[in-house]
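One chain is shown next in structure tokens, namely the form predicted on its own.
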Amino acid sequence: MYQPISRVVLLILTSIALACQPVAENKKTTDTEMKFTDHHTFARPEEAVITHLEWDAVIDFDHHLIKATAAYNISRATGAAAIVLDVNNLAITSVTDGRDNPLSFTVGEEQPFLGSPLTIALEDTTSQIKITYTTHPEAAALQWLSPKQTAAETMPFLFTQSQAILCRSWLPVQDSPGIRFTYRARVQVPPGMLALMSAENPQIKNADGEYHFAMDQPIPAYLMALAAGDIGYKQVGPRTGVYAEPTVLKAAAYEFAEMEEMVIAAEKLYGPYPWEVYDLIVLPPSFPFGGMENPRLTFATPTILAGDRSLTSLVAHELAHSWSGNLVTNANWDDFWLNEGFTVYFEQRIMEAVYGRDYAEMLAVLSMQDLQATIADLTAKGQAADTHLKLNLQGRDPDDGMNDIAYNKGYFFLRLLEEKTGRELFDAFLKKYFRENAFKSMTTERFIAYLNEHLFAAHNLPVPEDLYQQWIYGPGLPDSHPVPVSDRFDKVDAVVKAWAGGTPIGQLISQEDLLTKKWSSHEWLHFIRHLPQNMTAGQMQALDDYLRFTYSGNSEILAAWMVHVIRHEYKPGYANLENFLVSAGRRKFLVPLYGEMVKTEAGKQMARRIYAKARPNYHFVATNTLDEMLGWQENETS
């Protein structure tokens, strides 16, 4: 196993003031010095660190390349002789200073998943560096789609996915969540396309395809984002709007019409929205995640377009990231739970404010189900250490830590704190936490110290014994965990029990007609998850005849049902299973379905046949996981 670089001491050099300074000046405002370890960057920011980027890029759809220059303002310690950036398969043409004088540079040996260090020698007076480079056609962060892979089938499409450490595959950068910088950009795309970034964005296409962007608040590299294609825009609120392909735009605007209401609810909880506008773009189906919280422009999967606004908790989640993650950021990927645990907690509070407590409790029950399943899976694999909130990902891809532990164990830990201290005190604490740590990075250890000082000690409350050892540094789900309760799910359980006891589903649906017509997608998901593990073909057929799960337009319901289709070898569902796997690129759905198939030899053969057809539609983030699961070899086609 590769042993990564020795401990890198990161010094955070940005603060709120940095976001407001003129970008032409090479100054910095230093907040409280924080030293911590990031296993996943070659950067040595205690010697020299980037503070602002000027990016000039041409998008070449014909050759799947970005040709660009990245010019950085840098801040350096006295005597620093070099600055080190992260690159992954970039062709570096030249490196110069701010006056176009050549600077010596070397690209070090490539390391698994980390890429290579780009070391640039600095002259005594160097305060800027400019790197001219070209990306690789197979750059991990870039998804190039042909017209046929889009909704309208008229133009090609490009989108990026930089989290966790993929930004270095399209931008030479200090690719650590603990390093922030502002940026401006000029991007050239073919005429007729619209380009968007995680920045101030245009709302209409221009004639020449040249677009300019500004992000004046400092962000880490994983929040760098770019999309380009046949894209339209529709405003849905004073600060909110939706981008999508023209054939999708009307449905997307309907689905996300409540975004402004969510922003207002979030602000009431934890303070003013800090990024001016909150827009969302619905990407083509190959996007590997439900959403990505790129500042000012959430990237979202089309699988949440259910037609009834039933899956918009994802929007609440990505909106919550505007505070937890984008505003206060995990210092490194071992502390990932500080992003996602806070965000799930915040998401639940937004959903409660907009839709009510009983609705939010359904989401909490589903989160508990997901968490318990993940803990059981990791424990069975001998990976109990991966069920800690504080991880040790040294020598591993940080994507290994992006699962329900960070999200849902983190959520239930914060919910426990709320229950122990009271909602009023906990809300005041979180508002203070976001305000005082805005545009800074946070470690687990610093958070614990902040929590002890500003919540427990400030209100003369005792710290529960072994609280941190059990929840943060210990495995599994502690016995002290909160227990969400949903009366609405209790009614679902009664229907499942009656059906399992022999009452025909048609009779039950008739009896419960008024109830089931009002069921949300969460209730139907709970219903499917609690069906018996062993069903006959006749039972599967009877359910499908009445409820039409195989043909559901709701991706959450369809994916849950397809697990039963595979497990029970329900052949009438196979065609739509294949259609779903070929058309949807969201890793949340792909991994469980392919994982269920590979449990049998016949299923594995079916999985590999479908994967050969579907793989060209998937993003690297998905194929990186599925190739290993299926034993897929590079350049394999069948």
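Please read all numbers here as calculations on a predicted model, not as lab measurements. Numbers for residues come from their place in the sequence shown, where the first is 1.
A second form of this protein, the form predicted in complex with a small molecule, is not displayed here; the remarks below concern that form.
Peer 1: So which of Asp386, Glu245, Asp334, Glu293 reaches within 4.5 angstroms of the small molecule in the model of the complex, heavy atom to heavy atom?
Peer 2: Of the listed residues, the single hit is Glu293.
Peer 1: Which of Arg608, Lys67, Lys588, His64 has a heavy atom within 4.5 Å of the small molecule in the model of the complex?
Peer 2: Here the answer is residue option Lys588.
Peer 1: Looking at heavy atoms inside 4.5 Å, which stretch does the small molecule contact in the model of the complex, given the options 418-426, 498-506, 442-450, 285-293?
Peer 2: This holds for exactly one stretch, 285-293.
Peer 1: Do Asp230 and the small molecule come within 4.5 Å of each other in the model of the complex, heavy atoms counted?
Peer 2: Taking the distances in the model of the complex, the answer for Asp230 is no, it never comes within 4.5 Å of the small molecule.
Peer 1: Can you tell me whether Tyr433 touches the small molecule? I mean in the model of the complex, with a 4.5 angstroms heavy atom cut-off.
Peer 2: No, Tyr433 is distant from the partner.
Peer 1: Is Leu305 close enough to the small molecule in the model of the complex to count, meaning some heavy atom within 4.5 Å?
Peer 2: Leu305: no contact with the small molecule in the model of the complex.
Peer 1: Taking 4.5 angstroms as the cut-off for heavy atoms, does Val87 touch the small molecule in the model of the complex?
Peer 2: No, Val87 stays farther than 4.5 Å from the small molecule in the model of the complex.
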